[in-house]
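A single chain comes next, written as structure tokens; it is the form predicted on its own.
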């Protein structure tokens, strides 16, 4: 019977526990997990690189003994190292040979394969280009072709929340890895970087952490505005920054404003940020938002009518994440509740995302919009004339007023010469019937609805 990796490691732990103090065992061995066994190699996962360093330095002999007893004289131990749960690296200790030096401590001693933490779904192919991001995208493509060898080093991308800075940074990293699989790229947020530094200081391993970053080929750090006030983190980044740039390694940083406007960050670091290219990502225009929406919909693009897409994009102006959230919510509402995707459903979904959309429109504004569209004098809508063009305009105005305002039937009627609520209700039902039976009239109503929706955004 083949033993599981967990049971083998448990046997090793039993031996280790008998030979180390309980506190040391709980600190350095209890958090370790066995994840794979392929004879004669047992793979274990340690929380971060510092565990690996410490265990190899202080407990190598007891590890040798336990592996020898459990796996035999040819047994080997492979570490899966999570760099603060971000970047995974592997190193192997072969107990049948001489002790090896820690490959992380001396940069260049051994090429280390590093998991970059890049999101594979963020690529140039699905990053829609527009006037809002053309310079940044072009610079990103240049950097991905020759990382560290262009004038765009560092490359600083700044802009508001949800405008695609992170997508662009990941796209650059993914393209680099696609072109050069052995190129060591690491993406992380400023918060994660700061946490790593705090942990390294606690463990007395700050030099090891700095050395780890020195072996990278491309470093991507997101949201550097959060460096504000963190002097020690800034000092260490300054050190890493200089080392990487001096060896033609690529640095990519994102932030929510231009470096010159960052507060609480040392001047010498700001100066380094300005050495390369600083480019912004602006809010996309309507056409670009529509293109982004269609890209994100993918195979579901035919499920949302064009007028609904336009309505959504007129509402979601400044945040692509919100646009994606509306798409997901709209499709979910339609699928789970078996609803048709129309303007009414889109409006109910968007109200949960954007308060701007709830901006009101008056009954009189709707009446003017309809009258102008049908070329009927607006003052005629308040008369008792039975001329068909005026009657149709009045009924359409009442129908749209009921749909787009919170006014009561009585209040709507008051705007059209004091018509009573039954007249308003009759008008609304007449329009509904015409929509159901007359395709041409339905198109007219759709046109007017679009105009009303657009006016809400002005």
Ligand code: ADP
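Small disclaimer: the values here were computed from a predicted structure and weren't measured. Positions refer to the first chain, counted from 1.
Keep in mind the form predicted in complex with the ligand is missing from the figure; the text below concerns it.
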Q: From the candidate stretches 264-272, 153-161, 303-311, 336-344, select the single one in contact with the ligand in the predicted complex, where contact means a heavy atom within 4.5 Å.
A: 153-161
Q | Contact label in the predicted complex: residue 324 to the ligand, heavy atom within 4.5 Å | A | yes
Q.
Check residue 133 for me: does it contact the ligand in the predicted complex (non-hydrogen atoms, 4.5 angstroms)?
A. yes
Q. Is residue 216 close enough to touch the ligand in the predicted complex, meaning at least one heavy atom pair within 4.5 Å?
A. no
Q.
When the contact criterion is heavy atoms within 4.5 Å, does residue 348 count as touching the ligand in the predicted complex?
A. no
Q) Given that the ligand is left out here, which of 382, 245, 126, 76 has a heavy atom within 4.5 Å of it in the predicted complex? A) 126
Q: Consider the chain as shown here, without its partner, and state which of 315, 211, 166, 174 has a heavy atom within 4.5 Å of the ligand in the predicted complex.
A: 166
Q) Is the ligand close enough to 15, 28 and 62 in the predicted complex that each of the three has a heavy atom within 4.5 Å of it? A) no
